[in-house]
Structure formats: structure tokens, C-alpha cells
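In C-alpha cells, one chain follows: the form predicted alone.
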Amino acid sequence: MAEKIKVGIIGTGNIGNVHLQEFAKLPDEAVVTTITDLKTDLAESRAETYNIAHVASSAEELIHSKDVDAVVIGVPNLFHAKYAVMALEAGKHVLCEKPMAINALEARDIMRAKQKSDKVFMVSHQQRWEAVPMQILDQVGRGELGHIYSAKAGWYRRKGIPGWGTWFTRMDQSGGGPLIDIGVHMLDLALYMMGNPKPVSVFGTTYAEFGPKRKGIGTWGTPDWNGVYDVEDLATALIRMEDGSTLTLEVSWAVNMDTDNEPFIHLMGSEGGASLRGNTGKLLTEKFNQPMETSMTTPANDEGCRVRLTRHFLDCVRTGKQPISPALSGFTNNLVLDAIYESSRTGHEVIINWDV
């Protein structure tokens, strides 16, 4: 049996706890040896719950520990690049929560560090590992959709602003609102399903109609009513690719709209199409001059996207192969997100700068 991969987790809040749960499902493949959090009492509580040997006093201590092979980054967006670069330079593998960085400038720092490192860097985009998207991707790979020339993706939450006043709603710590929070999931998955075309230009607009009024508050996180809300609560964009295809992206944390709060993607191909909504999907085509469709659902015994993602990361660490969501995918997402925000500020189309 191969030696277990020793994992250290930076951040033991909500998302850090999710990672702890997933690694606990793979006890023969990995062991979480070290965790750390600015809230020491929370880290110590998690260590007791998951039987973790060591609580580091800082992220720096964890990263340089000899008992850590791979680092999981589950802290506010502002710190993703700092710890990712530090970990890669220290010779550690990295699993980084989305978005890869708070902006494209810091994403470039990760790209440069990865280019100098032989270690695995993977972005934690669990939507790629959901059962129905995987079924659709299989059909795309078989050529059943033909050329995908247009796509529409989004996620409308009716009342879902997370942690009002905390880092979630502070531009300097999060990099934005729903666009960089849940929009990055749909952007990433749509580009992946389209075959990873290269985005070249963006026209987008963002709005803040709920957050500044303390409306549209959701259940994720604990509000800090003495805090700050200076991000958007809705964003919309048209993204043009090098091959001429387009992607429309629409996301919100809060909106006065009849919505089921489910993420969605519609792929439009020359030979067929696909629609994803939440945990269900459809393949659509035309046969004998009649529209036809095939339904897809998540199997009842599905093990879950997060455990598949975690197993894939560990497999990449063990074999050295390229992860399905590498640094380039995270960099692409950050470039597009930055362009949408810039387009909203200027009111003009933005040409994407791909220089690393």
C-alpha cells in the first residue's frame, strides 16, 4: 500500500471543515496532520473532532512543516495567492479554494510560482465533479453536441447575501460579490464544458441594489452589522472567445425574480445541445425532423463531487499528472472576472491581456 499523503489545511471555518470531512472519507489515501486558523479555539475544536495531531500557530508554520506534503487553502480570497506561492516555493502540493486569487495580478504570481515548481497545483472547482455535468461532458467528448458555438450560464439566488459586513462583502478582501463567489463556479464549468476556448473580450455590468440597503440577506455566515458592503449583488456579462463562440454569464446573491436558486448551464451546439439545472440535465437534439431529449439525473448512490475532487487531487500528487482544474484554469477565470469588473466600471468592452 502506498504511503499516505500528509495534508495540512489552512483555515478551519465552513469551507475548511468541508475539506476535513472529505479527507476523512479517504483514510487509506491521506491523513490530515496539521491545521491552522486565526481563531485558535476553532482550530483546536476541529483537531479534537477529527483527531488531528497538530494545530500550527500560523500558516507559515504549517507550510514549512516536515509533516505536510500537500497544503489545502481555505481562507478568504485575499490570502489565496500569498499562501499558494509560499507553499509552492516550499515544495508543497496545493489544493486552493476558488477563486484561485483575488484578482488576475495575484493569479499571475501563482502561475509564475507554478512554472518554477514541479508540484501539483489544483483549484477546488467541485462543480466539475458533479454527476450530471460529468455525464454531459462525456457526451461533449464523444462529439454528440458538435461545435458548441454559444452557451448561457448563471446562478440566481433570490435572497442569499452571505456574511453581510464580513470579508464576503468587502471588495478589498473578497475581490467582489456573487460574480467572484458563485459566478466563478459557473464561468469555470461553462468554459470547461465548451472545450476550454480562449476568452478574448468581455462586456459586463454589475449592480448593487440590495446589499447597501441590508436586504437580500442569506443564511451562510454570520452578519457583522458594523462591517462593510461595497461589492455587487448582481452581475451580467457577454464573453467572446477566440474561436468566435460566446458565453453569457448572469449571477446574483439577491434579486426580485422568480428563481429556483439553482445553478444552470445551457450549451448550444451544431449537432445537439445540453441543459443543466441543479442536479438534473437534458441532452437535446433533432431526429427525423422532431425535437428529441434525454434526461439525466444524479444516481441515488452517488458518492458526491467533493470526495471525487479530493481523490483526484491525491491521485495527481501521487502520480504527478496534471489535475483537471490546473492553475491555467484559475488564471483564465481571474482574467475574465477582472475584465467584467473593469467593463462595468468603464462602460466599454475590455480586451483580455493574457501576458504572464
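The shown structure was predicted, so the numbers you read here are calculated from the model rather than taken from an experiment. Start at 1 and count along the sequence shown; that's the residue number.
Unshown form predicted in complex with a small molecule; subsequent notes refer to it.
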Are L189, F264 and G304 jointly within 4.5 Å of the small molecule in the predicted bound form, each by at least one heavy atom?
-> no
With a 4.5 Å heavy atom cut-off, would you call T236 a contact of the small molecule in the predicted bound form?
-> no
Heavy atom of P99 within 4.5 Å of the small molecule in the predicted bound form | yes
Exercise: H185 in contact with the small molecule in the predicted bound form, heavy atom 4.5 Å = yes
For S117, is any heavy atom within 4.5 Å of the small molecule in the predicted bound form, or not?
-> no
Which residue, F203, W167, Y149, Y229, has a heavy atom that falls within 4.5 Å of the small molecule in the predicted bound form?
-> W167
Let me know the one among Y156, F121, Y83, F210 whose heavy atoms come within 4.5 Å of the small molecule in the predicted bound form, would you?
-> Y83
Within 4.5 Å of the small molecule in the predicted bound form by heavy atoms, the stretch out of 195 to 203, 253 to 261, 69 to 77, 269 to 277 is 69 to 77
